[in-house]
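Each of two forms of one protein chain follows alone as C-alpha cells, named structure 1 and structure 2.
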Structure 1
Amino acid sequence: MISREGGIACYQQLSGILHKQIEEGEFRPGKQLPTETELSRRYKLNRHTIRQAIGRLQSEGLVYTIKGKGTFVANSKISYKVSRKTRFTTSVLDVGLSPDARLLDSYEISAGSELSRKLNIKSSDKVVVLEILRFVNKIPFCHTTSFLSSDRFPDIQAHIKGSFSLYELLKKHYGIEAMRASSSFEVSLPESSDMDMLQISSKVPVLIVKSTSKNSKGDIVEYCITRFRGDLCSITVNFNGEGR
C-alpha cells in the first residue's frame, strides 16, 4: 500500500508498485492498466498523483497511452531499421507485426528557398505534400510529411487509395525505385499535433528523422520528416549494407 511517511513521494511508490506488477506478469504486454478512477479508488490517491505515476512508467518505456482508450503495457520496443532500402511496410512485417498507413492530407505548395534546395528544383516549382500517419498493430507509430516534386510525380494523389506504401506506389506508377541517401536524427518533446495524431502525452518524447531519398541515377526523389513515438520505437541505422 501507499505510505505517506518515509519521505518517498506517493507517485513514486505507485509507479514502483505498477512496475513490479508488470515485471511479475500481472499486467502482460498489450494489457490495459486499471483506469485513473480505479487506481485512485484502490490506492486513495488523487488524479494528479496517478498521472505522475503513469507518466514515470511512460518515460521508462513500460507503458503507452492511447487517447480515449487508456494506458497499456508496452511490448518490447518495435525495432525499426533505417537503411538505403528502408520500407516501412517491410520493416514492420519483418518483426512479425502488422503495418498500416493512412493519408491524412495532401496539398500542393510552392517550393520556396528551403524545399528547392532539398529537392534540387526551382523555388517557383510546385511541391506535393503528403501527410501520412502510420500504424503498427493498429497503434499510431509515426507521422510522416513527404515532399515530392509535382512535375516529377504528376497526379500522385490520384494513385493513393486506402492503406498504401509510398515507395511501392512510386515504383509501380512512375518506375522509380527510391533509396534512402541520408537521415538526420533529433529528439524533442511533442507538439500538440504530435499528441493528437500519435495519441501520446506531453511527457513522451518524439524522435524526429529528416531524410532524403534518391533514385539509382542519384536524382533526389523525396525529402521527408518523420516523427516517431519515442516510447515505442528502437531505430537501427545501416547505410553501408544493402539490408532493408
Structure 2
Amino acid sequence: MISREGGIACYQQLSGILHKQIEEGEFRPGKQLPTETELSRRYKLNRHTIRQAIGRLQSEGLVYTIKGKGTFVANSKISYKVSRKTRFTTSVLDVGLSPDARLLDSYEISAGSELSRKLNIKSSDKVVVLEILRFVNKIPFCHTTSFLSSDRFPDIQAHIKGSFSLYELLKKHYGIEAMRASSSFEVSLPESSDMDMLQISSKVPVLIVKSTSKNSKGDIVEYCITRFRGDLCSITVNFNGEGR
C-alpha cells in the first residue's frame, strides 16, 4: 500500500489515500476514522507518521479530532455569501441554518495611525471597538472585531447590549444604512485566541476578511476584521451591486 521508493513521503501517500476514501464516501461525515494505533498497525507506519498525515487532513478541513475520543469526518462547508448589502444573519438564514451572536466585549481606544487611515478620522479621535462571536447551529463560526468612530456613534456601547444585529442598530438609532465597500481576504493559521474562541486546533487555517463599510454618501462608517473557521466555510462574493 505504502511505497518506500517512489520518493513521495509516506505521510503524503497516506493522507492521499485517506482523502480519497473520504471523498468516495468510505467514511461518512460524522463517522470516526480508525484510531492512530490502528492505522499504525494497518499501514506499518509509526504513529508519529500517521499523525502527520491526519494533520494535513485537519488543515484541509476534511476531518476534526477530539482529544481522548478520536478523529471524525467533517461535514461539508457552509456556503457563506457576502455582497454590498448581505449580512451575517440573513446570509445564514438563507442557507437554512440558525445564526446566533454573542457580544464578547466593547471598549474605547484612541484611533492611532492605522485606524485613523482606515476610518478617515484624526489619530487622536476615539474609536469604539466591538468584539462579536457568531455561531451557526450553535457552533462557533467567526469572530468579528468592529471599529467605529465614537464621535459619529455616541452611546453605541449602551445600545449594542441586547441588540442582535449591528447593522439594524445603525439603521434604527442613527439612520445610517451601511454598505460593504471593499473586503480583503487572507489566510493564516490560528492564534491562540482564535483556537479558544472558535474551538479549533492549531492545524485548521482561518480565513481573515477585513471589510470597510460606507454610508450612501460614501463616508466610511465601519472597519471590521472577521476571522472565519477555514474548515467550515466557503465565502461567496457577488459582484452585481444588489447582491443575493
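Residue positions are counted from 1 along structure 1's sequence. Because the structure is a prediction, the values reported are computed rather than measured. Note that the rigid core is defined as the largest set of C-alphas that superpose within 1.5 Å between two forms.
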| item | value |
| --- | --- |
| Of structures 1 and 2, the form predicted together with a further copy of the same chain | 2 |
| Residue 225: Cα shift of 2 Å or greater between the two structures (core-aligned) | no |
| Between the two structures, C-alpha offset at residue 56 (rigid core aligned, Å) | 4.6 |
| Value in Å for the CA shift of residue 11 between the two structures, taken after the core is superposed | 8.7 |
